Each structure stands twice: as structure tokens, then as C-alpha cells.
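Presented below, as C-alpha cells, is a lone chain in the form predicted alone.
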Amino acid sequence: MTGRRILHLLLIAVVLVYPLIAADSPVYGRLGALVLLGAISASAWNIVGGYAGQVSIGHAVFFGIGAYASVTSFVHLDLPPIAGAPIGMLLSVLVAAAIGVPTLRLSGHYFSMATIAVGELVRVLSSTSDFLGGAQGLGGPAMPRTMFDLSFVSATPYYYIFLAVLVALLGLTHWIERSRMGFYLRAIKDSERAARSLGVSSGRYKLYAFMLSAAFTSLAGSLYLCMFGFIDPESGFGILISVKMVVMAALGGAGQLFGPLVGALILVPLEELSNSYLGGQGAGLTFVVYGAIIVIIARFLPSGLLSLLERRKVVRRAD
């Protein structure tokens, strides 16, 4: 058995038993669940931003749609919040199609700017909607009624639910990587003009990636609502939600399967520590930290932390 295989098995073992290790500490149990939730949202963004090279800064739109679909299912239809997850995913796919058709014709920072504009527009509209609770937002069930409310005192059930979703998403991403769609997306990322000259329908495949990414980002929003039980325009549609996804994916390695997970393992604990020590005073500092991370990535690690491992492999083979 190779060292790499042993390392993978050890990581799997740690992930599975982590809640048992952190059982005596609610803080660390919650932290583990948040890392997995961050990895889900960043992995969803990675499908379009990492593999297709379309850097969306407006993915909070789909995150918020998922969260609001879940909470409105409870408030207006008296259903378990998780029942709104498929509704949110469907709405997100439709919204992604409506947004993607015109904006995916743009390239580079023009596409990013367009997604920012759409995200801010949706945030402002949600804050004026009585159906969505306006600026005050909406809350889920105060007390669990049935197990389908997914309202738990401990973070352990959330941890395993999020882990199952993340494994399914990574499995789907791995399959896409090795499929024709994956090859097409990487070709589009490297050179869209060259991909078109070879007969690749770049617009269609970028739209497919955008819609698939939107569906899983929406699912992450629904899971967030189930865990926290409350959503408002800022925590659902705020631009910081989109920035987190981008930074986590880029930090670990955008366009790599485990890149978003590595980024979440670093960024989420860092954010929680800053919030814990600085409290409300750390809100502005969060933007400074994210900005610094983006500058460091762009200057020293444009391919993310996982690229360092690939470099070491190349050096060893050369030796």
C-alpha cells in the first residue's frame, strides 16, 4: 500500500470519527459542520468557476434562493424546511438559465461584474418583499416538530448530513471530470476560441455547468437554513457569501476536485476564530482578510495550495 493511499485512508477515518472526537465540545462540533457546509457551497461554485473558468461573484443568489425556499415552505405552507430544498434547486436552475443566457456571452471580469450586479439587485428586492419577511428575514420552526424538520440540539447529525451531501457532490464532480463535458469545460477554460474551432458548443456547456452549479449552491442554502433556522437578505444574498465560495475554491485549488474542501478547512476555522475573538468588531476585518488572501493567491499561488503537492511530485519524478 502506497503512502498516498495510507494518507487518504487516514483522512477518511478522521472525517468519519471527527464528531466523536469533538463530542465534548459543541464549538468544535459546530465548526466541523460549518467546514463541510462551506465545502459544499465552494464545490458547487467550482463546477462553473473552477472547471469552466467562469468566475461568478453572484452565486449568493442561488444560496439565498435555497434558504428562502426552505423557510417559506415552513412559514407559508407549514411543511418541513427541507421540503423546500427541491423547490429551491428547481428555481435556481431556472434563474441560472435566465441569467446565464445573456451573461455567459461575456468574458473575464465583465461576466463577474454582471453577476455582482444581479446578486445585489436580488438582495435589494428581497429586503423589500413582505412575502420573504423584508429586511428582518424569516425564521424556521422554533421547536422541532418531527425529525423531518432537521432541527437538532447537537451539531453531529448536521455533520453527517452535510458529509453525505458533500460526498455525493464530489462523486458527481469526479464523474464530470472524466466525462466529455469535463474535457469540454477544461478546453473552454484554457481557450474558448480554440475550443469553438474544434466544434465545442461553448455557450451550451457553460450554461449546463452554471445550472448544475446553481442547483447544488441552492441545496447548500437549504442546509444552512435547516441548521441555523433563520435567514435574512444579508445572510442569504449578501456578496460576502459569494466571495467566501470564490476564496475557498481558489485557496485550495479551483478546478481541482478537493480544492474547495482544502480551502474550507483553512478559511472557515479562520473566520470562526476571528469572530470569536473580535466579536462584532471583526465584521470589517473579514473583508480585509479575504482581500489579503485573494492578493496572496493571485501573486504566489494562482493554482491553489494543492498545486504545491503537484509540484513536489514533478520534482520527485525529475530526481
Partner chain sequence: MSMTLVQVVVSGLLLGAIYALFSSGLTLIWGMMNVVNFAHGDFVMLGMYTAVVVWTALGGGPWASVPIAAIAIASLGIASYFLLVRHIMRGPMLAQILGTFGLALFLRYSAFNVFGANFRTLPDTLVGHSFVLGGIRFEGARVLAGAVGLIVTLALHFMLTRTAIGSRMLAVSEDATAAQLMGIRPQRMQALAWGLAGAATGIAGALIATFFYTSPTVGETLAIVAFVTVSFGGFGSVLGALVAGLIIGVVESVSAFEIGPVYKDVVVYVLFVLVLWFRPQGLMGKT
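On a predicted model such as this, the values are computed, not experimentally measured, just so you know. Numbering follows the first chain given and starts at 1.
Keep in mind that the form predicted together with the partner chain is missing from the display, and what follows is about it.
- Just one listed stretch, out of 51-59, 34-42, 66-74, 256-264, contacts the partner chain in the predicted bound form at the 4.5 Å heavy atom level, and that stretch is 51-59.
- For the candidate set Ile82, Ile116, Val93, Met181, a heavy atom within 4.5 Å of the partner chain in the predicted bound form is found for exactly one residue, namely Ile116.
- Think of it this way: in the predicted bound form, the partner chain has a heavy atom of just one of His109, His174, Arg204, Arg145 within 4.5 Å, and the residue is His109.
- Put simply, Ile21 is far from the partner chain in the predicted bound form: not one heavy atom of it is within 4.5 Å.
- In the predicted bound form, the partner chain sits beyond 4.5 Å of every heavy atom of Val268.
- By the criterion of a heavy atom within 4.5 Å, Leu150 is excluded from the residues contacting the partner chain in the predicted bound form.
- In the predicted bound form, the partner chain sits within 4.5 Å of a heavy atom belonging to Tyr290.
- Taking the partner chain as it sits in the predicted bound form, the stretch 216-255 comes within 4.5 angstroms of it through a non-hydrogen atom at Ile239, Leu240, Val243, Val246, Val247, Ala250, Leu251, Ala254.
- Note: the CA-CA distance for Pro269 and Ile294 contracts in the predicted bound form relative to this form, by 3 angstroms or more.
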